[in-house]
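The form predicted alone is given below as one chain in structure tokens.
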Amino acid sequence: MNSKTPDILAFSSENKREVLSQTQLDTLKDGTLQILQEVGVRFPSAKALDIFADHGADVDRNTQIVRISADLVDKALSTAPRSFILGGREPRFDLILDGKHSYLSTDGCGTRVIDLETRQERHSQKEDVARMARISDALPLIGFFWPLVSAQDHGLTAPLHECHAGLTNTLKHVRGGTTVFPELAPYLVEMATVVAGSDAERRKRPPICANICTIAPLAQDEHGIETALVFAEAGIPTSFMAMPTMGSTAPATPWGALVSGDAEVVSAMVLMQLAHPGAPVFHSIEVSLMHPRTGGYVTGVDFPFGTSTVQIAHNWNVPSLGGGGTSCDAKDIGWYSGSATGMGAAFIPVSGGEICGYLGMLDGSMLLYPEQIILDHELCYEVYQAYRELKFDEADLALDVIKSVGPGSHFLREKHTREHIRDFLLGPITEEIYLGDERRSSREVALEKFNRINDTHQPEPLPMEKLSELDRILAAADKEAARLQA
């Protein structure tokens, strides 16, 4: 039996806090423009080099380095839309990226899972993606489904199978595109068209978007950038994500990392606008740190990167992927994961990123504990409640009840108490922890809730004819992948 997918709860951006002044933003933008014009970015793609050359950029075909003037950057980005829609299966699940709301996303692209039955760690599979899509469909704060783990049982076409698992297991928007061989990208576009119903509807309310990572420092991936061009032509929104690591692939200062990452992202957005003016793009920088003693990868850096990167994106007049988020480096559920999740959740309403949150993963976004997404959602819900709009009138003061009870008594027998004691909204985990005489651990309650959703929630399926079409597309893509590997 199918279950009703709850409406999405979005954070209002009215509490957004700016940590960078306009002067600082202008300084960062000037630095980015200087890097693009004087240093350049490597584009290992003949197609990309041709597009840049045709539009007057300085292209060195031997080194594959493109230098872009400030005027060309401004001209290109003037066509990038500030606002666009990420479509859901139904319009009530549409996400409007206009800076007024922050929609929470699951985290993405992990490789390992704590198995739900054996509780042993294993490699992730497509069934894990499908399960997490159903869980996310039932959680109202999650508006954007990014496959938390990869479909490693499907080889070269894993991203297509991840997209399929998302589209068939949630009514919400799906991050369905990422770097693939450019020959496989049209199959993702075709899948999106089938779900949307037509080419025109896909462009108006695209049911999937894509994420393409740059390569620090100052380079693009050949397959990634050519895949992005396919998506741009089809009107599939694409975020470009720079992931500079301070000390190794970026300067060992926050500002150096931000400006180098910004140059990577902006160069890719410029290419999309030159090739397909008006293509929907959004901006993302995720800064990490090389551990100064071990060389390890550290994402939990004590610096307001999330809020800063949102401001940088908006200073280019495009939406942002980033801001507050619950993802952390903890390898297990405990004090560190709870602390990092709580702090990250608290930054969601003040950062104001259009897509943010990154719920559900540990160990630098590599490891999925099933119950973690429930714990993350609970903490985000508490923050959501703390920032909700408060309204009351004189009746809410209950002055007549207070007068009736008077000093030194209690309110247990009052009708007013019976009518209103359940008005206060407890989070699902908090509520269940307090049931009975014995206190249960939050982790136990979260896993119980995960299993309950897993056993009972089944969102409305796609029509059979669309499911059949998606199966046909996947079969054709698998056949093309085998040809590419031959």
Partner chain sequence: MSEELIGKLKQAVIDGEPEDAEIFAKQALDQSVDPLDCINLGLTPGIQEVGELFSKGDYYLPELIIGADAMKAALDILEPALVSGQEREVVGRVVLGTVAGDLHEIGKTLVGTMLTANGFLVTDIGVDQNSEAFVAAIKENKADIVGASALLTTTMLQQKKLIEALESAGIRDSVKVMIGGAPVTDLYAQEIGADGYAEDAISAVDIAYRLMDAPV
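Positions refer to the first chain, counted from 1. What you see is a predicted model; the values in this text were computed from it and never measured.
In what follows, reference is made to the form predicted together with its partner chain, a form of this protein that is not presented.
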>> Check Gly155 for me: does it contact its partner chain in the predicted complex (non-hydrogen atoms, 4.5 angstroms)?
In response: yes
>> Even though the partner isn't displayed, in the predicted complex is Met366 close enough to its partner chain, meaning a heavy atom within 4.5 Å?
In response: yes
> Does any heavy atom of Thr193 come within 4.5 Å of a heavy atom of its partner chain in the predicted complex?
Replying inline: no
> Is there any non-hydrogen atom of Met290 lying within 4.5 Å of its partner chain in the predicted complex?
Replying inline: yes
> Thinking of Ser102, Glu201 and Pro277 as one candidate spot, does its partner chain come within 4.5 Å of a heavy atom in every one of them in the predicted complex?
Replying inline: no
>> Between His416, Arg119, Arg82, His123, only one gets a heavy atom within 4.5 angstroms of its partner chain in the predicted complex; which residue is that?
In response: His123
> Ser150, Thr238, Thr307, Asn169: which sits within 4.5 Å of its partner chain in the predicted complex by any heavy atom?
Replying inline: Ser150
> Just one of 246 to 254, 128 to 136, 403 to 411, 375 to 383 has heavy atoms within 4.5 Å of its partner chain in the predicted complex; which?
Replying inline: 246 to 254
